[in-house]
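For reference, the chain that follows is the form predicted alone, supplied as structure tokens.
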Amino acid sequence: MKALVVGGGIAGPAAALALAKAGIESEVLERRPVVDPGAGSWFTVAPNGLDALEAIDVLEAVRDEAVPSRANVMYGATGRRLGTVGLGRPLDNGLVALTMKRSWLAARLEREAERRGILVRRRAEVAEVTDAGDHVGATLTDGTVLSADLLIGADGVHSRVRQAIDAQAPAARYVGLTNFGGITRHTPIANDLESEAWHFIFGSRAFFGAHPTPAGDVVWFVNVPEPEITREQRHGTTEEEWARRLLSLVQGDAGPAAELISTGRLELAGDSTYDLGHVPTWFRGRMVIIGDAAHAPSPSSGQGASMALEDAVVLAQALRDHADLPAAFAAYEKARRERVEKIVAAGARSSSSKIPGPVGRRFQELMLRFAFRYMITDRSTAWINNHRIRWEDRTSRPELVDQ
């Protein structure tokens, strides 16, 4: 059996690695000529995502440049501490959540896939996918036609494969926040911040997050409530203009945001954020979708990459456990749908708390302080971060429905 995996990033190489462990050959189709490990901003992979990496034997290959993260510490615009929420139970080897560059993880997974003999075809942008009944095909923009026994859409929130499976599939939803990421090198603020923790500030006009590194740097991001940024705005605005605007949004808030922005540099600017909730059809015939193509939680959930990694492992298990594709795809969906849709919903609620409402920030701080004390706690989030997958476990065969 051979699979075509449409999309690189994190989900694509992870799926190929999981398939290889299940004894299935695959080819990854990556539209970019190269994945720049230094591009973009930082994010955190929770213990459940690290567990998925461990299940396919790649955790050791991706942890050497990451920063440990144990908790999220929340503050209001006034500087008042609102609460602390842990990032989940460590793995059995003691490893806690890891913060790293998203692009760095993608590049490392791609490199590991190639090291294990998996073909990663670069500059391979897919124009069309077709299911011929006895095989599935992908036509690239350069005219190349590739075929295999199954095709996995790991092509993100604006997935072409999702639309090929179901022309009526929902599109991604803009969550009302644009994202900016940066880094401030060798700053004394790194020593002032609690180590191995994200520091979140529910500011009066923007949401700010900062994380110190052992090297004395601070990585940070800003979520801005505003209309979706257009391509023209993004390309027509300089880094200095973006930085001045961000500084004006955080200037009146307590905490280190203003100094970190003014003394740092942007690595990601004008990134509109999306989520994708209920997608009715995850598979049809020989095609199936995983990760953000099937369910995209907002970045506020902190679970997008971890969900994709879990999907990759569970889909490979299902293909290993079931001889026919309909049964395998159905088993994968049965194992995943309820969990991921709950996480997407939780992420949507988290995003809404970042947007200033008419009641004002000070009243919101009282509400958030109550929420972080009684509602959003280590115990209430354990089902998300403490989820574990055992490669040896078998996926159950559900009753099949027409697809």
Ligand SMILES: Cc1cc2nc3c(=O)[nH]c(=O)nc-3n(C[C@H](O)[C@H](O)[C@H](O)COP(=O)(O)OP(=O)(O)OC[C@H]3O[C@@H](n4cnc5c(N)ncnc54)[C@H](O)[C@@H]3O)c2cc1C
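Numbers for residues come from their place in the sequence shown, where the first is 1. Remember, it's a predicted structure, so these values are computed and weren't measured experimentally.
Note that the form predicted together with this ligand isn't included here; everything after this is about it.
Scanning 155, 275, 253, 310 against this ligand in the predicted complex with a 4.5 Å heavy atom cut-off leaves one residue, 155. Between the options 88, 299, 76, 212, the residue in contact with this ligand in the predicted complex by a heavy atom within 4.5 angstroms is 299.
Partner contact region in the predicted complex: 36-44, out of 36-44, 59-67, 367-375, 333-341, criterion any non-hydrogen atom within 4.5 Å of this ligand. Looking at residue 268, you'd find a heavy atom of it within 4.5 angstroms of this ligand in the predicted complex. Among residues of the shown chain, residue 182 is not one whose heavy atoms approach this ligand to within 4.5 Å in the predicted complex. When contacts are judged by a 4.5 Å heavy atom cut-off, residue 30 counts as touching this ligand in the predicted complex. The closest non-hydrogen atom of residue 203 lies beyond 4.5 Å of this ligand in the predicted complex.
Contacts to this ligand in the predicted complex (heavy atom within 4.5 Å) from stretch 295-325: 299, 302, 303, 304, 305, 306, 308.
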